[in-house]
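Form predicted alone, single chain, as structure tokens, below.
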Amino acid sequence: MNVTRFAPSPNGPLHLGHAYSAIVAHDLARQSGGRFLLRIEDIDGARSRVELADEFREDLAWLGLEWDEVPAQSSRVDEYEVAAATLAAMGLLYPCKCTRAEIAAASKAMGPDGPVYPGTCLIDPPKGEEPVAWRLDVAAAMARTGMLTWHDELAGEQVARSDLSGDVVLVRKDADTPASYHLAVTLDDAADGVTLVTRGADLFAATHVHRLLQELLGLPVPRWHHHALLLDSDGKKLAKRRGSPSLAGRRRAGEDGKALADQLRAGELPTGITLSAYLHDPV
């Protein structure tokens, strides 16, 4: 029995890529007699808009999906702080004041999310009282856990390569955004009892980090299903920031949401949209 989830951030409207992701998660849960959860990831500071969460619920119902809603991220800030304190007590976090521009200039390697942090503040800790982020000392963490593996339903068994992304940020500088995606989503999935994490193939590399955090914090280990992505006519991933057409707009225009969902299931994609997988080699 699969427990899956769809976890959108209310910082912009949902688009077809979100619809496909939600449908994959919903169907994998329902086919196994399991549960499909909705979790609103609303700790993106001032960018999070309460009214969009209501739009999301209307969009999912329009697609013909049914779900159980679990607590939003904003109700879990204390849990993130406890987890960060646990990692700090293990000697695995260090403060960092570096900007993105400084990291890009100093980095000598590219990772899945861009320039890999070169460890500047690990070598020379920041002084003073300016705001800092807190990074995970990945080398020290991996030395503590040893080799870890995880399983993707499509790509097979994987060896966790947490070092590929470098020393990721777990606690952000901005007090309005108290935890990074890596820390929050790992804790949330454990708290919600998710057994099959479904998400786009663009987040495949993040799973290496999440598997490490699960081991460090003594959390249950789910399985993963990294599905293909919907791409626009330029071959780019559909995204809020590029103004990809919204589900709400389609819904208000009178389009049949259940028919659209069935088209997405069948791979009958709207004109100009293609389906593309990121390929990953199993162990």
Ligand code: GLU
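What you are looking at is a predicted structure, and each value in this text was computed from that prediction instead of being measured. One rule holds for the numbers: they count along the sequence shown, beginning at 1.
The form predicted in complex with the ligand is left out here; the points below concern that form.
Look at 113-121, 195-203, 138-146, 96-104: in the predicted complex, residues with non-hydrogen atoms within 4.5 angstroms of the ligand sit in 195-203. Although the partner is absent here, E41 lies within 4.5 Å of the ligand in the predicted complex, judged by heavy atoms. The shortest heavy atom separation between Q263 and the ligand in the predicted complex exceeds 4.5 Å. Although the partner is absent here, V3 is not a contact residue: none of its heavy atoms lies within 4.5 angstroms of the ligand in the predicted complex. Contact check for W150: no non-hydrogen atom falls within 4.5 Å of the ligand in the predicted complex. Distance criterion of 4.5 Å from any heavy atom to the ligand in the predicted complex singles out V185 from the list V168, L92, L213, V185. Shown without its partner, the chain has R5, A7, P8, S9 in segment 4-38 as residues with a non-hydrogen atom within 4.5 angstroms of the ligand in the predicted complex.
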